[in-house]
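Below, in structure tokens: the form predicted alone, a single chain.
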Amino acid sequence: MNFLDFEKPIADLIEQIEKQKAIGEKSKVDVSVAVRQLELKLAETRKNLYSDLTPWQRVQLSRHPDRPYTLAYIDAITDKNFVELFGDRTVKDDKAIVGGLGSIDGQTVMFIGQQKGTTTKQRQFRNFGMANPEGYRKALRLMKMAEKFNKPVVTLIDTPGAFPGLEAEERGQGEAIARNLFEMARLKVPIICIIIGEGASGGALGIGIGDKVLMLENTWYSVISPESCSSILWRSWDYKEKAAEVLKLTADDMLKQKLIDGIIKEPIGGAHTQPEQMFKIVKHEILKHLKELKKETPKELVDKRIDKFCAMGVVVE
């Protein structure tokens, strides 16, 4: 398991536990009491450490290399019948955005999300979860398909931002994202958006307009990353921790500002420490909200969705 800098006390205790167990096996000595004491200390240290995380530490957890990505969630929460769909029918298939049909407890759902990749080769293949315009157009095509067949949409958001390359701009990156915002606001089926990692800028917002927008506990959602904000304001990345604090990008901050509808608690230590438990929690949340949203008529869904997003922010004329 990989550990972040602030997790060093936990890493040290786990190392001590492993050493004690190795000594016990090698010398045939009963070390159960010592191991038990260390495990109790580990549990207490974890509880104390993760109960008071800074915004920057939550940003670090959202990027943890062991954290589960979109396809892992889809595989775990569907009935093992996910059918991935490809291409935007205009340019090509964008590997940074995945989508397709799958069922949860017999209910068919259109899943769409960003996929980063778990190895260096996969990350390059997935463009580190940064979608091109054709990725957002593929997402929109799948949403329209879901609307045609009256199936709800679930989006899983985890991206450092839309791809900022020249070729992406040439193919209409801004227009593709703006089109998604417009069309998602009017989609006549339930939409649930869940931020499972990074929620950066328009890259996240391009699949982030929903009836219910939820954030996992250790994720962030902002117009800009702390590093980029620091480099613009202070001409250096050294102030990224301060930037993370003033950007108010954590799930708690987003809920206070009424920019999201709820927070999904993670296991102590983050989603990567107990992924199976995390998958069950997310599945439960999806089913719970789908049950509520299915009671609404298409017109009610659209009207409430538009009203919710129009109420955000302040307009001065």
Partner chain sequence: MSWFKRIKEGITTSTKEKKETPEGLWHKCSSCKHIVPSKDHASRMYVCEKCGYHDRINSQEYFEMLLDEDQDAIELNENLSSADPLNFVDTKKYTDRNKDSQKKTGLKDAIRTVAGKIHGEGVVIACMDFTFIGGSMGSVVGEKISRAIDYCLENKLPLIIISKSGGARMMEAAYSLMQMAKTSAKLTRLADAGLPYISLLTDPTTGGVTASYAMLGDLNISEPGALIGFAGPRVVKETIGKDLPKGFQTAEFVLEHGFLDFIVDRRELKLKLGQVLGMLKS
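Computed from a prediction, not measured in an experiment: that's the story for all the values here. Residue numbers count along the first chain shown, from 1.
As for the form predicted together with its partner chain, it is not shown, yet the points below apply to it.
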property: Stretch in contact in the predicted bound form with its partner chain, which is absent here, among 31-39, 247-255, 275-283, 47-55 (heavy atoms within 4.5 Å); result: 247-255
property: Heavy atom of Ile209 within 4.5 Å of its partner chain in the predicted bound form; result: yes
property: Interface membership of Asp105, its partner chain in the predicted bound form, 4.5 Å heavy atom rule; result: no
property: Residue contact check: Cys193 to its partner chain in the predicted bound form, 4.5 Å heavy atom; result: no
property: Distance check, Arg179 to its partner chain in the predicted bound form, heavy atom within 4.5 Å; result: yes
property: Option touching its partner chain, based on a heavy atom within 4.5 Å in the predicted bound form, out of Trp234, Phe128, Phe82, Phe86; result: Trp234
property: Members of 199-235 lying within 4.5 angstroms of its partner chain, judged by heavy atom, in the predicted bound form; result: Ser201, Gly202, Leu205, Ile209, Tyr221, Ser222, Val223, Ile224, Cys229, Ile232, Leu233, Trp234
